[in-house]
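One chain follows as structure tokens, the form predicted alone.
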Amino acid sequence: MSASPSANVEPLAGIVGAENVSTALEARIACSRDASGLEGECLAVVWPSHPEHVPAVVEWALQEGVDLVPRGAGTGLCGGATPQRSVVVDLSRLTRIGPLDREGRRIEVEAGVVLGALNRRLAPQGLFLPVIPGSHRAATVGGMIATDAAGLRAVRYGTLRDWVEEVTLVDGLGRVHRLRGDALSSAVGREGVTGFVVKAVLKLASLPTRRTVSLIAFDDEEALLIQRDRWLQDPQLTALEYLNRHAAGALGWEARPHLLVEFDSDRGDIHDPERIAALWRARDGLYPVLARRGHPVIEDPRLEGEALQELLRWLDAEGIPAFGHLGVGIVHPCFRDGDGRIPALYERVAAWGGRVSGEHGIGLKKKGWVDAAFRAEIQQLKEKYDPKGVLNRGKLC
């Protein structure tokens, strides 16, 4: 990374305040990558503290001839927040939470609000935002909207798209859009290539009143998938998590494939809250355990039917530890750095008719694996919202 950026950032101080813009080397290094490990070059970092700052930042970028990269918590796993000689716009200081509409079960929040903090605020009211990714302690609402986050309870609650009522989007010309209904598809899951999500109105769910779990080990994946299909018929099912034998063994569990299933009822075998909490802590901590054991590269293919069974068989035979949200067909195989089987995974998923990304996004990492129809769709959106190519250049396709 160069020691001196080639962008005139002085006008930014007049927009966001001198304390909210930096060209210091340490700031630029910190924002040169996200959790994917893919590294780029950051020219400067700007931290808007009000949504109204963002259109002015975009207008500055147009005048300066630089592109902008949106950043939330930096927890993305596909390089979606990795700059490429870009100015990083870190939205983590947009943290205002509006008044709760208790009767309507909705709330307006700014993009930098952290999911964990929001749900702690809502819990005394008996409400929560039920989309819970593994990074929930750090993930911001804006970042979750950008990737259409799923998570542990997607089998019951779906993805974030199901819980967004309105998005305030600042596009690549500095225009402000309030998107609702079908128009939300222009922002949700688009990884910042159409604009900056600065605010959102979110729908909320009631906290479950009764939570029980079952933890079942199986002889093989075929028997596991038969039971999975049975449990999917239960309307009180709230989570259905999978660990293959290699992942289960890493936790010290019996080295057999497991399902950890949760119900909003007494259906589960385990009722003790402390034991339930311990099981979920173990599940939450599984990826860090695998990373420490030399498998830091986590993938997120999504498949169904026979294709899902084929994937699980292949991962088991290859000795690849894997876990995931099996209720919605998302699996997280974990690999060593540089493992040549990662491209083989993408090839197999494509051949089986699946998606190479179920929840992490495409970013820089997987853009070579999107189909022509997706590329054409993104190009149309770019022409509408970012005709000058200012926003998150080179991402998605």
Partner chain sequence: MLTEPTADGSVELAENPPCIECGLCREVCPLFAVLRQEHLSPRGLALLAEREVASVVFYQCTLCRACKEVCPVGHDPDGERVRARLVARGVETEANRAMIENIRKYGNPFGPLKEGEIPKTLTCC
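Positions refer to the first chain, counted from 1. Note that the structure is a prediction, hence the values are computed from the model and not measured.
Missing here is the form predicted in complex with the partner chain; even so, the following discussion is about that form.
A.B. asks: Indicate whether the candidate residues 92, 95 and 288 are all in contact with the partner chain in the model of the complex, with contact defined as any heavy atom within 4.5 Å.
C.D. replies: The answer is yes; 92, 95 and 288 each reach the partner chain.
A.B. asks: Go through 310-318, 222-230, 70-78, 189-197 and give me the stretch that gets within 4.5 Å of the partner chain in the model of the complex, heavy atoms only.
C.D. replies: This holds for exactly one stretch, 70-78.
A.B. asks: Ok, 331, 57, 362, 31: which has a heavy atom sitting within 4.5 Å of the partner chain in the model of the complex?
C.D. replies: None of the others qualify; the residue that does is 31.
A.B. asks: Using a 4.5 Å cut on heavy atoms, which of 240, 114, 150, 169 is close to the partner chain in the model of the complex?
C.D. replies: After the contact test, the surviving option is 114.
A.B. asks: Is residue 180 near the partner chain? Define near as a heavy atom within 4.5 Å, in the model of the complex.
C.D. replies: Residue 180 lies outside the contact set for the partner chain.
A.B. asks: Can you work out whether residue 270 and the partner chain are in contact in the model of the complex, taking contact to mean some heavy atom pair no more than 4.5 Å apart?
C.D. replies: The answer is no: residue 270 has no heavy atom within 4.5 Å of the partner chain.
A.B. asks: Can you tell me whether residue 39 touches the partner chain? I mean in the model of the complex, with a 4.5 angstroms heavy atom cut-off.
C.D. replies: Residue-level check for residue 39: yes, a contact with the partner chain.
A.B. asks: Check whether residue 19 has any heavy atom within 4.5 Å of a heavy atom of the partner chain in the model of the complex, and answer yes or no.
C.D. replies: Residue 19: yes, in contact with the partner chain in the model of the complex.
A.B. asks: Give, in sequence order, every residue of 45-62 that has a heavy atom within 4.5 Å of the partner chain in the model of the complex, or say none if there are no such residues.
C.D. replies: The stretch 45-62, when checked against the partner chain in the model of the complex, contributes only 47 at the 4.5 Å heavy-atom cut-off.
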